[in-house]
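Just the one chain here, the form predicted alone, laid out as structure tokens.
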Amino acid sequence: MTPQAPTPAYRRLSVEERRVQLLDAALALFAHRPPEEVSLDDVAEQAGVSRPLVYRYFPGGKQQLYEAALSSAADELRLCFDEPRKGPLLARLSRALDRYLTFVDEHDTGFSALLRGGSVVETSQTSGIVDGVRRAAADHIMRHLDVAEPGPRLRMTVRMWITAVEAASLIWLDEDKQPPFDELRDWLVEQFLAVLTVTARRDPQSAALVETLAADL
């Protein structure tokens, strides 16, 4: 007889490992269903644990779990823009958008529910988490532009573009992810240069940046 492989020994998860497991389970559900349609029982089943165990780690119930899962997703989104400051800026922006749009693609329903608002679990806390991602993205872009003290027109231009990226991502999901991923990414990069070029007509700081970017093309 062929000897059977030994059964792996059971290993108790640490507190942090268990918390990560529950957050991963919640994010997997929020990725495909609106938050108001996900229950603690669903999370427990997804993680393969009991409902009381979920409550042990998140005594505040679904709201606390949702905010923790949202914070975890926000951390991942912030990392999308964490690009080494090497090489042409537009190429860096393209790589950052690759990661951002991949996240959108993999968490489509949850991403829509998050940015559209209106969820029964939406609060000022969750809105603040989302806005923190936008501000972090703007800060990353300013660092890549090597601008320590951006003027109001440049700040507004960058934040408007980030809003446009969010809106385009939502429309992309509504349009069954058309145009193709690569085309959407390249178009958004071109839009960044376009809006900066328009601002440059009224803002010397932006005009200098456009000259620098043009040299990279």
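One rule holds for the numbers: they count along the sequence shown, beginning at 1. This is a predicted model, so every value here is computed, not measured.
Another form exists, predicted together with a further copy of the same chain; not displayed. Remarks below refer to it.
Heavy atoms within 4.5 Å of a further copy of the same chain in the predicted complex are found in exactly one of 61-69, 38-46, 23-31, 162-170, that being 162-170.
Among residues of the shown chain, residue 127 is one whose heavy atoms approach a further copy of the same chain to within 4.5 Å in the predicted complex. Mapping the unseen interface onto this chain, residue 54 falls outside it, with no heavy atom inside 4.5 Å of a further copy of the same chain in the predicted complex. In the predicted complex, residue 195 approaches a further copy of the same chain with a heavy atom inside 4.5 Å. Taking the partner from elsewhere, residue 50 is found to have every heavy atom lying beyond 4.5 Å of a further copy of the same chain in the predicted complex. Shown without its partner, the chain has 167, 168, 171, 172, 174, 175, 178, 179, 180, 183, 184, 186, 187, 188, 190, 191 in segment 167-191 as residues with a non-hydrogen atom within 4.5 angstroms of a further copy of the same chain in the predicted complex.
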